[in-house]
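Coming up is one lone chain in structure tokens, specifically the form predicted alone.
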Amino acid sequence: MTLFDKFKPVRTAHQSLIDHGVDPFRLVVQQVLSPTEAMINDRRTILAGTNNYLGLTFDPQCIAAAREALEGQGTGTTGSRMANGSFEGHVALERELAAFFGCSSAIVFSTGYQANLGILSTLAGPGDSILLDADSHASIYDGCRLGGADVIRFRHNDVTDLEKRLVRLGDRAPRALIVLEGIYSMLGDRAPLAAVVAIKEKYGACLVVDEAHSLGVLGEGGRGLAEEAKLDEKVDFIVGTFSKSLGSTGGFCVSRRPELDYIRYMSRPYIFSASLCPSVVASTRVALSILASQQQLRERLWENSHVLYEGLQKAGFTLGPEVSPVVAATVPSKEYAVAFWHGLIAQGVYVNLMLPPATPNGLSLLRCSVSAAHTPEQLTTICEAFATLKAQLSE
């Protein structure tokens, strides 16, 4: 055995993809033309896998704010906030996030992935327990492992299984942290938040909800699943990202609990990472104000989501259990998925190729994410490309 033997299965799997004539992990986006189009393989391509839910990546106000910050404050902070201090924009963004969610405080991280690492690893450590939904994002799993807590998975969206595992903890239940996602990123379904909150309160546990894919998507004000379910005050910590609806990069945590302020002094991913660039902070602040004030973007997003979901369903695809901006088509095998994805690219449509082990239950998925910026014509083109390839590959 050598240090490098662990790479042999990866090499074999990678070679299998190449043998099928495609390496989806080396696709190059040559030029981004708009929130919904790019040049790929010298062809104008519809982007249907970017998580750009509100289409704000090219918003003129966001770009102007970023440009002004870039020219006035430079390209980066060159260090962590603990070492180099906070820029005024960092503090303002945290204040605005807290106000937006109706919370007492907020912490901003350099990525959404890092937000989960920083919060989960600090909240729960040795002697504590974390109960996480089995379909949770990789950043949640990694944040749980980093802290050294006992990690217990419960079946996806199964509150009976969650309660069973809390009961087994006995007197340790008040030292348990439950972790959910507002919208799950693979199949687009929601967490059963009301039922989980009832169980959490029954056993005295703590609850974190990751609103990465539900910020700007759910709730009258766009604050996510907790707002939609009218349970904002029952969720102890909300984490999220700027890289979806807010069209930039970064992550955050907000809370009504005073303990969040102390996490700032304990979280290694926060303390030892360079802080967000001023230009990113500036564009995110503008995007947050747009998200809060322009409900028509959210309405258009849901209209588009229904069009794509119903269009692919009519074409005979098996989709996630409910309509959402995440529209994932389940296909029979990894090989079929790779061939289909490659065919979509050839037709000028980009979606996410999702393969096991990164997917729930070993599924092979062609995952679309809908944007408010998609036009009716683009959605029709996507549905037609799916239907055409389905017919071709079944011949």
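Computed from a prediction, not measured in an experiment: that's the story for all the values here. Quick note: we count residues from 1 along the sequence shown, nothing fancier.
Just so you know, the form predicted in complex with a small molecule exists too; it's not on screen, but the next bit is about it.
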Residues 247, 297 and 371 all lining the small molecule in the model of the complex, heavy atom within 4.5 Å: no
Considering 267, 77, 139, 304, which brings a non-hydrogen atom within 4.5 Å of the small molecule in the model of the complex? 139
Can you pick the one in 157, 313, 86, 111 that has a heavy atom within 4.5 Å of the small molecule in the model of the complex? 111
TL;DR on 93 to 101, 205 to 213, 158 to 166, 274 to 282: the one with heavy atoms within 4.5 Å of the small molecule in the model of the complex is 205 to 213
The small molecule contact at residue 185 in the model of the complex, heavy atom, 4.5 Å: yes
How about residue 241 - does it come within 4.5 Å of the small molecule in the model of the complex, if we only consider non-hydrogen atoms? yes
4.5 angstroms heavy atom contact with the small molecule in the model of the complex for residue 116: yes
